[in-house]
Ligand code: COA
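Only one chain is included here, represented as structure tokens and corresponding to the form predicted on its own.
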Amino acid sequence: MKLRSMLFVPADSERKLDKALGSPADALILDLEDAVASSRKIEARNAAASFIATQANSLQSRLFVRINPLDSGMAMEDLAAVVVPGLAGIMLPKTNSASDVIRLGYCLDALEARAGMVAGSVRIVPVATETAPAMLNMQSFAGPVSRLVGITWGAEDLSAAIGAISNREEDGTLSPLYSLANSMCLCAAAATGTAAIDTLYADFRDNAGLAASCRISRRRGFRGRIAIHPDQVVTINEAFSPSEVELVHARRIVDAFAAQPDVGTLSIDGVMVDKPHLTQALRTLGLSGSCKPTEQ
């Protein structure tokens, strides 16, 4: 499942849902949580269920729903409404540990069976750093977790949880706790064998800033990013797609090792490369879909 870009869409806005149909985002996240006022939760839930059912064929494998938190008293009703054919995944906010993902998976087992869906077809992307317990429990994502397809992080809710005035220093850089959250998301995704999805870039009018931030994000190991406005999607997709130069270099590394399968280290343009470089080259080619199955 490709998750370069995940676009949030308020589920209670028919206009924004219709506009999202033309988006090149890899996934649409129909939001039932922060983007929806308390008085409109039921309306948003019903609208999301209807949208999924209507678009099941045209947007197959692209539709996620961000439900309300498991301890909100609304999550089970959200799930009962939206787990219908056409749903690709659930984004779980305010996840406290991997056990929350496992608990959600048990709920999905029953709801998929009720809906006549393939068992295990609904995947999960938790927002893994939004609470203080979550930060203390990030080590719970130490190995494969059923249904998990990616992990993302967030700074705004974490700021509110600990009572911070801001999540940034005076020079604009992330404060230490939030830099740690960013790094722990990368480690948790690697440990679980899933994609690390970077958090949102709040200034949706600043495309240059978004592009620069995405370049840093990808260099650090993130595989995609959340978008909060349709205009951000193209920039995010471009930033998290390998360039032609990267693909050519990666192919040279793969071909060089294929020609000399018994060596552990070889030279390309005077630079020594070894097995970690091969792993990264295969990953780069895989992002473009240009790896042969035997190479993966």
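The model shown is predicted, which means the values in this text are computed figures rather than measured ones. Throughout, we count residues from 1 along the sequence that is shown.
The discussion below concerns the form predicted together with the ligand, not included here.
- Using a 4.5 Å cut-off to the ligand in the predicted bound form, not one of 1, 4 and 240 places a heavy atom inside that distance.
- Annotated contact segment (heavy atom within 4.5 Å of the ligand in the predicted bound form): 203-211, selected among 174-182, 158-166, 67-75, 203-211.
- Proximity of residue 283 to the ligand in the predicted bound form falls outside the 4.5 Å heavy atom cutoff.
- The ligand in the predicted bound form is not approached by residue 25, whose heavy atoms all lie more than 4.5 angstroms from it.
- Interface membership of residue 277, defined by any non-hydrogen atom within 4.5 Å of the ligand in the predicted bound form, is ruled out.
- In the predicted bound form, at least one heavy atom of residue 228 sits within 4.5 Å of the ligand.
- Only one of 247, 42, 56, 35 lies close to the ligand in the predicted bound form, with a heavy atom inside 4.5 Å, and it is 35.
- Residues of 13-52 lying near the ligand in the predicted bound form, listed in sequence order, are 15, 16, 19, 20, 31, 35, the criterion being any heavy atom within 4.5 Å.
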